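The data below hold one chain only, encoded as structure tokens and taken in the form predicted on its own.
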């Protein structure tokens, strides 16, 4: 049989998809993993409870497509009605559904920059137009340029991340209320609160007054379930029903639901552990500020964070990152180009992990 002619598969992609690149994660297992905003304090917490639940799962049957028990627990946790909850395989899936449901080719989606990359990726996949309003040099949200962009571009969907990833910055409730009042009622507003538990302030109380408002949450961060993929949205009943038009059947496996339920049974204990993350976030921020104040790295910048990580910027970013990797600690680096040039994002680990990182950083500067 004659060999077939080689085909450039990339050219077969839809035009708007050709600009995208596959999402790859380095397949390494560092001694200390502080690069993905996971909650290492909860490692192994749910294994025993999940094991008991797994034994009761009828794996030969399809999962509960409505996620009835899970939605009920999430509704109780957040003091909303069951039908105001939509679950997804991570909040990423719900972001994709929102874009699929509302964004037609050419429609605009507005967000800030830098922020979570999946807003732009899903918009481009839908052949929409992404508009990004830059944060200022200190990575603070700029409300006036954002409002101007809303009025000039007329986006179909607006994504607002609070606290923001990867900067950790927050937007005041006063500013968020101003945005809600100013954004047209036919524009979908998505408040991504993936890091809400580390901040403690939410716009959830506004969903009854704003039918176009969606609140996104996840169990991946504060609740230590990054490996499970369990996210959820909260909104008006009409909004949840509308987004559900694009929700596929059996989207969340019985195993994912079981793990989420095991986790939610331990919410009181988890909330106590969150204090450790918040306490060490402040310790880590102070640690890097002291390096600057002592002249160890006079160009070092430490940005305020209300999440479970700290973002720093330094001309030594590449060398410092290499030193940490050499010593088995993985953090998130952003290279030397773009708005995050020379920035490093450091997840808050356990006390042992944090102290190990601090010792290595001290030796790096000696």
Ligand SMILES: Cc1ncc(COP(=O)(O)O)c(C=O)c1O
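Positions refer to the first chain, counted from 1. The structure displayed is predicted, hence computed values, not measured ones.
Although it is not shown, the form predicted in complex with the named molecule is what the next lines describe.
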Subject >> All of 167, 287 and 304 within 4.5 Å of the named molecule in the predicted complex, heavy atom check >> reply: no
Original post:
Could you tell me if residue 161 has a non-hydrogen atom within 4.5 Å of the named molecule in the predicted complex?
Top reply: yes
Original post:
Quick one: is residue 197 in contact with the named molecule in the predicted complex, heavy atoms, 4.5 Å cut-off?
Top reply: no
Original post:
Can residue 90 be called a contact residue for the named molecule in the predicted complex at 4.5 Å between heavy atoms?
Top reply: yes
**OP:** Give a yes/no on whether residue 156 approaches the named molecule to within 4.5 Å in the predicted complex, heavy atoms considered.
**Re:** no
Original post:
Which one of these stretches, 137-145, 90-98, 259-267, 77-85, sits within 4.5 Å of the named molecule in the predicted complex when only heavy atoms are counted?
Top reply: 90-98
Original post:
Just one of 131, 116, 280, 210 has a heavy atom within 4.5 Å of the named molecule in the predicted complex. Which one?
Top reply: 116
**OP:** Name the single residue among 220, 236, 202, 122 that comes within 4.5 Å of the named molecule in the predicted complex, judging by heavy atoms.
**Re:** 220
